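Here you get one chain, nothing else, as structure tokens; it is the form predicted on its own.
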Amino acid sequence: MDVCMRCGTPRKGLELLCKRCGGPFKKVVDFPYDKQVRKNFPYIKRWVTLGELNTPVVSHGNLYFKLDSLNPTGSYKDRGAVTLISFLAEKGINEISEDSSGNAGASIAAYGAAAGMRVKIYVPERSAGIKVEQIEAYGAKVIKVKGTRNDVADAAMKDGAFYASHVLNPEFRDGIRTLSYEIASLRDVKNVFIPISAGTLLLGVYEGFMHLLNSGIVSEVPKLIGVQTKQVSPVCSKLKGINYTPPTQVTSIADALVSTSPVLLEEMVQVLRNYGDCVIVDEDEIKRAWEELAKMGILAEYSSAVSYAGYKKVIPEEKSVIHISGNGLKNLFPA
């Protein structure tokens, strides 16, 4: 069952926004946790898998790096894409559109290809680089759109194919629950540092830990610490009462974190207010964190190094997990 995150209205079909209040939907997880991970997604009978999940962990004392950068397409987005695409394939959908010039676009393109779907990915006009080439490599059609990021989303939505938005489709967010299950297996984790932008990662991790808590698998939800860049910090700013004016163009080295006005802003702030905190890092802090990670043998995207940069500003004594969300190879070979 799916319900609106803001007013509780049930979802009747595959609509993406609540007709009553305009809010996004979420999956209701009202069943006990099952150790057979796939059984925690009862609405999917056949998985279109590329070998995702169960990513490695590298430990340094009480600090654990969760390498979601080693998922099939090089990012954590595969957790959401495998769930969404598997769900849509069961519904008989064979043509989809999505808007993303980055990891989400690559992941949707890959899993869409594996499912035999026709995939169109809408990107900003100036998009270039390895991520766009990766999207095209999977056979997806890349369509460049003039204007703002919202213009790109509008074009994808009006395409005529099913709009496989990774932000609005609740199945994508729901797939991120698997990350919480894997982190919880490390035992006694007190802090989880994650980069935040559109909200799929934070909200998915939160739902996963709540599932474990309600099932009696964990006794508490670890502190979820979202990290944002100085340029793109609407969540941290709202949480802490800081005035935030988004830039006309995001130029941060963390180029995967671009949601200056996220649809899921209120939901993210509420989660962090109740279960965590938010940290803002600048460009120099991101670069230093990236360099330190590389010297440990961990090649991360700059957008992933953001989570480690946030950790370095807090440095808690308790057991902490740093989420490495994307592979650094995507930064090394620009077009």
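This is a predicted model, so every value here is computed, not measured. In this text, residue numbers run from 1 along the sequence as written.
What comes next is about the form predicted together with a further copy of the same chain, which does not appear here.
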Given 280 to 288, 304 to 312, 63 to 71, 29 to 37, the stretch touching a further copy of the same chain in the model of the complex at heavy atoms within 4.5 Å is 63 to 71
Counting any non-hydrogen atom inside 4.5 Å, which residue from 260, 134, 252, 237 sits next to a further copy of the same chain in the model of the complex? 134
In this chain shown alone, the residue from 163, 138, 181, 244 with a heavy atom within 4.5 Å of a further copy of the same chain in the model of the complex is 138
Residue 270: heavy atom within 4.5 Å of a further copy of the same chain in the model of the complex? no
If we define contact as a non-hydrogen atom of the residue within 4.5 angstroms of the partner, is residue 129 a contact of a further copy of the same chain in the model of the complex? yes
Against a further copy of the same chain in the model of the complex, would residue 329 count as a contact residue? Criterion: heavy atoms within 4.5 Å. yes
Indicate whether residue 42 is a 4.5 Å heavy atom neighbour of a further copy of the same chain in the model of the complex. no
For the stretch 47 to 71, I need every residue with any heavy atom inside 4.5 Å of a further copy of the same chain in the model of the complex, listed N to C. 49, 50, 51, 56, 58, 67, 70, 71
